[in-house]
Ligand code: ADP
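Only one chain is shown below, in structure tokens, and it's the form predicted alone.
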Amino acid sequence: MELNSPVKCLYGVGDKLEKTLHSAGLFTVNDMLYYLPRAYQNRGDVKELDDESCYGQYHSYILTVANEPSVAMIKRGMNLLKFRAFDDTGKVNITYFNQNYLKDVFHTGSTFRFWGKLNKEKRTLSLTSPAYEPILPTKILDPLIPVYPLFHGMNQKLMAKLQGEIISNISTLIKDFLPEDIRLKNQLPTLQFALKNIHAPISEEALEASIKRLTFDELFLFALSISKMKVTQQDSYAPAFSYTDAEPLLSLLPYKPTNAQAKAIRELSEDLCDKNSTGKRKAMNRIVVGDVGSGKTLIAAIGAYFACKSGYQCALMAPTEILAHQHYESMKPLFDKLGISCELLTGSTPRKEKNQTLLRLKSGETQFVIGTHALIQGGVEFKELALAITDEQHRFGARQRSSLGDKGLFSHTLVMSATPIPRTLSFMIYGDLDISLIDEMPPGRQRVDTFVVDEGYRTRLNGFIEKQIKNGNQVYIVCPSVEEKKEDADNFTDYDPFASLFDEGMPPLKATVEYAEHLKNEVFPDYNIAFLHGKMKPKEKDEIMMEFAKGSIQVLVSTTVIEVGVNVPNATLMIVENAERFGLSQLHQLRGRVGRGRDKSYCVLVSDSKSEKSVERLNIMKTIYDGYSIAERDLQMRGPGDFFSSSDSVRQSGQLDLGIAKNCTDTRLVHSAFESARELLASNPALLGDELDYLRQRVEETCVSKSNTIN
């Protein structure tokens, strides 16, 4: 067995099971080895039957079988096996469905460790279909049992069996790629130890050490790969712009740029412009990161102005038609006054109009085009595209972003993001880009008052919704899921290293579709209520958002798809249901959807969660309004995962395929991983030497994986 051996080399994997594993992206032994548990059952913490605090929860019990099992048919096709068991404190009824073979497993006087949910009805205790392991003098039972993410055709027992075979060969499979001095400096276990104990931990301490090592590995490899990619990009060139004076455009604005905007404009000018040269210069790869409403669009407009006044073309790509329309409507009047032709190109542009636009782009008559994915479709040609701008960059894959730049022979790249990120993560997320941070809000931007309430306020909240509508305003209601669904029945953990994503005692989810129907039929039948979610077709989503922007829809019930920078000044109330399910940065993004007009705006976070962590998170939203401060708190409380994912889109496309590191709340470990990478590269930029061969190979694999990622 080797790491690149196909999964079919594992005992019991035939054609059918091989196909099942392939469907989940598991092709090799290495894929299996890094298919990590999502949680752990703490079966080593054994409870007693008379412990009432355990009722209704999953726990372990050491029980002795009291009688031989009986089997009865309760209806056609369903048998019930039943027996009693006991410990020193009580007795319990144990039942299994359609598992008659267990009659030969459980015998009077035999002792087992059972794991299941203990229920009490009147004076009778019961366990239904608990997991079981015999207590034998020759075998020590594992204290922590892994729970894997499952997929169709796979169960926990089979996955554990396959992983067990791999772990038994770990000593011959794994060689460590981490330099020994770095491993010892950061007090990390060997890779063999980490992989063995992530799948079969011998203790909580061993598990925590293993999680630390594998988290460090992800961050360390990414830091090295991103540096390698940045070095490669330094060899690319693009036109040097000759025009450097932004004042003609700035003079048309009713406000002065903030200090942060002015700094970003200077950085842009230094990247793009050279008055004394019309030749080439290093291609710009810059991202403008700023809070909602901080004025990132002005920076994009300045870049487009420099390009067009220097005789080149510029393209700005937005993720949705409504956002493209908004950019077009705000920029075209300015560029018309400056004598620069500006056009719009989207999927809904009529064919005749589209063909004319394509001809003007090819001839160079159109200097600045704003659009959607339509800009990267076949048939779109530019005469001399020199600046490609991507808005809300996390909505596009790496290939989609580069495809726009590829429309020009040599293009500068500018991307924009409204997701404030902790400065500690800026290198990790945008390491291959230069960063302009706009961390200052324009004067006059009103604060959105934020409140946290529970279901007891529902009647008052509905009254407040109606008041906003009667005042001529509109309301967003955000739900965490699309449709009603049962909670994952496997989501029970007593000890869970990924606890930031598995908060105990969470209330049931409110679903977008059902809740919109409830409001429409039972609460606000006189108002126009619509729903929006990521599973809808793009055209359908755009039509609904446009209707909401026009004011035709009073209440929009949505998932987080509305967090992208759509501007609806008439929306004054944001309600977030199951607010405990969202990270702080996501909540801040959602809050930024309101407060864009003249009327006072509000954000109401609804949660019935009793979790201390959830309560603490939500209370932060009532007192902190700065996106960067919120991002830092989010990193400390939830780890970096929330900066890469949301419920309706995968944000890490083209960035970082975070696995175990996404829930790392140890900011010191993040710092250590990146500092170790910097120190290694400073002393050995090419990672030369026999002792670094395997590390160099892993870095190259990470680079390929990163560059190939796409939505």
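Keep in mind that what you see is a predicted model, and the values were worked out from it rather than measured. A residue's number is simply how far along the shown sequence it sits, counting from 1.
Omitted from view is the form predicted in complex with the ligand, to which the following refers.
(request) Please name which of the stretches 263 to 271, 150 to 158, 248 to 256, 629 to 637 has residues with heavy atoms lying within 4.5 Å of the ligand in the predicted bound form. (result) One stretch meets the cut-off, namely 248 to 256.
(request) Classify Lys296 as contacting or not contacting the ligand in the predicted bound form by the rule of any non-hydrogen atom within 4.5 angstroms, answering yes or no. (result) Lys296 belongs to the contact set for the ligand.
(message) Check Arg596 for me: does it contact the ligand in the predicted bound form (non-hydrogen atoms, 4.5 angstroms)?
(response) Contact check for Arg596: yes, within 4.5 Å of the ligand in the predicted bound form.
(request) Please run the contact check for Lys117 against the ligand in the predicted bound form: heavy atoms, 4.5 angstroms, yes or no? (result) No, Lys117 sits far enough from the ligand in the predicted bound form that none of its heavy atoms falls within 4.5 Å.
(message) My question is simply whether Gly551 lines the interface with the ligand in the predicted bound form - judged by any non-hydrogen atom within 4.5 Å.
(response) Looking in the predicted bound form, residue contacts with the ligand do not include Gly551, since no heavy atom lies within 4.5 Å.
(request) State the residue from Arg445, Lys82, Lys332, Arg360 whose non-hydrogen atoms include one within 4.5 Å of the ligand in the predicted bound form. (result) None of the others qualify; the residue that does is Arg445.
(message) Quick check on this chain: which one of Asp291, Glu577, Asp542, Glu218 has a heavy atom within 4.5 Å of the ligand in the predicted bound form?
(response) So the residue touching the ligand in the predicted bound form, by this definition, is Asp291.
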